[in-house]
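First, one chain by itself: the form predicted on its own, in structure tokens.
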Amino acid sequence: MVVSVGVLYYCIGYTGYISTLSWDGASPQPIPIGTQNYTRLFEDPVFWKSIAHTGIFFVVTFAVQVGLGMFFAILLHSKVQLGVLYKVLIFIPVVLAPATMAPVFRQIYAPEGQLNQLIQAFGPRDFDYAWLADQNTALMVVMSVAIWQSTGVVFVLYYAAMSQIEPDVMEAARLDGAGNLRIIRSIIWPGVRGTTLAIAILTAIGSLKTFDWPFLVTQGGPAYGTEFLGTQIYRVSVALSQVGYGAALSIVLLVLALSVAIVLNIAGKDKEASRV
């Protein structure tokens, strides 16, 4: 364990050292440049685009996943026929590799793809919108694909959390005349508050590390319209051979992830304390 932790923190420390170099990753003599990579980073408009996309991605995916995950969990906690089948169907996207599904979604959202064909069936027959060629719709596509894959995990977490709520409590509430909305607001939502906080932390860190879907579906484009910190780090470090600058981005990503986790934890504890 000591060795594992040591290797982990050595890698972080070495990345911090590389971030102070002007290095292409292959040259035997990197040039020390101090904090210039960090100065460049804060003057880089693509970096701020990546931060903005990360914020939008977190807010949208968190809100939609929590809504869908809780809806499915509540629905399947009631007596629904073929409940096991529905659970499997909801969870299947989680185990599918993004590399195998990315071509499918590129085809669905292509000008001649299935989405435009569906719109043509109920609307204008010449509708051939290029969803992945527009900055705004390309980001929307990336978020929709991420939600499609991750909702199954949120559903499982909520389903397990709701299993811990005593059925007698809800039965007593129903005998007192409480409706479904009142039970959700007064019993279920407080009962899954800790799970929601955990989902918020996981979604926030996942948003900061987002790489696979934007890289595989849009490759960060068009015009950096779906650029995230992960895709930017890969682009500058590998495609542009600016390893020092990529390391500086990685250190900033690490600091942001730790800060978000700490802030969300403190916010969650403050809410719990205010309820006592």
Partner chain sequence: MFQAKRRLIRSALVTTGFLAAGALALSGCSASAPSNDGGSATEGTIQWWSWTPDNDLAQREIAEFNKEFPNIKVTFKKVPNADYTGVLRPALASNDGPDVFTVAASGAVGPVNVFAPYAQDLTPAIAEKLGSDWKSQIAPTMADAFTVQGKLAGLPWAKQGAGKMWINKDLFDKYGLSAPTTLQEWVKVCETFRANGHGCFKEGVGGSGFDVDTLHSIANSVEPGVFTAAARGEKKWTDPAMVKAWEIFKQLSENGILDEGAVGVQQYPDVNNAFLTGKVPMVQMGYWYSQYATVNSLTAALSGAGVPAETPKITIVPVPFPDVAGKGNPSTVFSDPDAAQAVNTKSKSRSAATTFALWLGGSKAGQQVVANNVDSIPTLKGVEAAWDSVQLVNPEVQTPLLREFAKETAESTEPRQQSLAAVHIQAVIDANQALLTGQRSPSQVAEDVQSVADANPVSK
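In this text, all values refer to a predicted model and were calculated from it rather than measured experimentally. Positions refer to the first chain, counted from 1.
Separately, the form predicted in complex with the partner chain exists; it is not shown, and the next lines address it.
Peer 1: What is the one choice in S144, Q120, S186, Q135 with a heavy atom within 4.5 Å of the partner chain in the model of the complex?
Peer 2: The residue from S144, Q120, S186, Q135 that makes the contact is Q135.
Peer 1: Contact with the partner chain in the model of the complex for V243, defined as at least one heavy atom pair within 4.5 Å: yes or no?
Peer 2: So V243 counts as contacting the partner chain.
Peer 1: At 4.5 Å between heavy atoms, is S237 in contact with the partner chain in the model of the complex?
Peer 2: So S237 counts as contacting the partner chain.
Peer 1: Since only the chain is shown here, I'm wondering whether A130 would be in contact with the partner chain in the model of the complex (any heavy atom pair within 4.5 Å).
Peer 2: Flag for A130 set to yes.
Peer 1: Using a 4.5 Å heavy atom cut-off, state whether G268 contacts the partner chain in the model of the complex.
Peer 2: Taking the distances in the model of the complex, the answer for G268 is no, it never comes within 4.5 Å of the partner chain.
Peer 1: Within 4.5 Å of the partner chain in the model of the complex: all of V3, G6 and S27, by heavy atom?
Peer 2: Heavy-atom distance to the partner chain in the model of the complex: all three under 4.5 Å.
Peer 1: Using a 4.5 Å heavy atom cut-off, which stretch among 75-83, 106-114, 175-183, 89-97 contacts the partner chain in the model of the complex?
Peer 2: Only one stretch passes the 4.5 Å heavy-atom test: 106-114.
Peer 1: With the partner chain taken in the model of the complex, which residues across 205-220 come within 4.5 angstroms through any non-hydrogen atom?
Peer 2: Going through 205-220 in order - heavy atoms within 4.5 Å of the partner chain in the model of the complex - the hits are T218, Q219.
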